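In the form predicted on its own, a lone chain appears below as structure tokens.
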């Protein structure tokens, strides 16, 4: 049986883990490439070879840094997805229970997150909203645990003080906020093409959302 070459022996000796220096830069780039690839084609449908091809490295390089597909996915969740969404909770904790302030904080936080991580809306649609999505159960346990409920409770408290339209369901208001922020970002390639609206960037989308939340569709 032929002996493994020196590079293979180094990979086996090194194992999966967190390198430093230039190796850390490459590891980070591989995670970024994987995040974008998962958003385009889905986690289950994306092979390590596809990620390697996109990153212009060998599949052995991915095994070197991460091990198998399951460990790669776990690294992506821990080092990309969870840190990406952490500012959302932080933004909401910094405002009082005024419903307009809460809605604006939510919209601004999501806008900033999407600008920093453009892969996130499509990944959210594929892996959380779609049936069988890999991240659906993780949403309740790790990604945004209790955040929708806590936000709904704050809206309910404001409603009890007469600060929020009594015809609104606080829970559905949270759903509406997601629909006005993440969905337009995920569908941007479609609506920009439909309207020839390449000039409408993130700032225009945020301003539109804030105006809609604040004043609705009335002229005043």
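Quick caveat: nothing in here was measured; it's all calculated off a predicted structure. Numbering follows the first chain given and starts at 1.
If you look for the form predicted together with a further copy of the same chain, you will not find it shown, but the lines that follow are about it.
Comment: 156-164 is the region of 49-57, 156-164, 23-31, 62-70 lying near a further copy of the same chain in the predicted bound form, near meaning a non-hydrogen atom within 4.5 Å. Mapping the unseen interface onto this chain, residue 168 counts among the residues with a heavy atom inside 4.5 Å of a further copy of the same chain in the predicted bound form. The closest heavy atom approach of residue 136 to a further copy of the same chain in the predicted bound form falls within 4.5 Å. Within 4.5 Å of any heavy atom of a further copy of the same chain in the predicted bound form lies no heavy atom of residue 94.
Although the partner is absent here, residue 82 is not a contact residue: none of its heavy atoms lies within 4.5 angstroms of a further copy of the same chain in the predicted bound form.
Residues 122, 124, 125, 126, 128, 129, 130, 131, 136, 137, 139, 140 are the members of 122-147 with a non-hydrogen atom no more than 4.5 angstroms from a further copy of the same chain in the predicted bound form.
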